[in-house]
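Quick heads-up: it's one chain on its own, the form predicted on its own, in structure tokens.
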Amino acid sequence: MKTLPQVTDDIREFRIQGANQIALYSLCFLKKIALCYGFGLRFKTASQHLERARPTAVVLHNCIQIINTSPKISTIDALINTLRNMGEKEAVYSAKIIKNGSTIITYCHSGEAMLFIKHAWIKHKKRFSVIACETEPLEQGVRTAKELAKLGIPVTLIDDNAIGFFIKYADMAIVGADALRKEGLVNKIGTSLLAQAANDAAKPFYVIANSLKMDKRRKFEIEERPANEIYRKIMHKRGLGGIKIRNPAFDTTPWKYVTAVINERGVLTKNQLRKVI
């Protein structure tokens, strides 16, 4: 069994990625804590440390709130089962959204968005192509491109700066989310630029995100990552002394740019979702 610092470090250092996977990984660890020590101080301390590891992602926060209301092993098991099955429930709607011959542009690496796209290709036999954005600075979009290419899906990998050029070749944008807030969609930094480009080009912008990503927290923090994630790309450069580097991991996309959100309950308009939040 890993220690709390090891599990926290796995999450903080992106060895575990995505809001759902962070929650699943944390819940499995918290279940072991609860089985050994119950739901007392040790459990609460572990919960707080895990939640602080990636503060923007809301799924773990919502799961912990549910557990605090009903502190039982069965509650944790039910949440784990829910998270593992939500993606399949969302993916059935891919037949309605993705059409034969279409080109999808996507961003970063979202487990839910990937399952949605893969489901259309495998289960519904849709034939389409994908434009994947590299997603600086950690290049999660490269992982997306590789996974889709293994299935035989035609994929074009592009630099994030080329979104404005390639949006005219896309029929729709499909992305995941880390949180769904009253003010907008919170996702990997750069998502808002894709949303604006899609809006300017009159292309639909779809978000695949389960209901546990609805974020009602009053206090909200956009996580800032270490500067060396950016600096590693320019380490050979000289004369950078005195330059401040900032590296926010997420941005907020206003709902006016979003066409619809697909979750386990169906296809929701942005206005329907905002009312729920």
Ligand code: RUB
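Start at 1 with the first residue shown and count on from there. Please read all numbers here as calculations on a predicted model, not as lab measurements.
Note that the form predicted together with this ligand isn't included here; everything after this is about it.
Comment: 175-183 is the region of 175-183, 94-102, 193-201, 150-158 lying near this ligand in the model of the complex, near meaning a non-hydrogen atom within 4.5 Å. In summary, among the residues Pro71, Pro137, Gly111, Gly164, the only one with a non-hydrogen atom within 4.5 Å of this ligand in the model of the complex is Gly111. A residue is said to contact a partner when one of its heavy atoms sits within 4.5 Å of a partner heavy atom; Ile262 fails this definition for this ligand in the model of the complex, lying far away. Although the partner is absent here, Thr253 sits far enough away that none of its heavy atoms falls within 4.5 Å of this ligand in the model of the complex. Among residues of the shown chain, Ala19 is one whose heavy atoms approach this ligand to within 4.5 Å in the model of the complex. Residues Asn187, Lys188, Lys213 are the members of 187-223 with a non-hydrogen atom no more than 4.5 angstroms from this ligand in the model of the complex.
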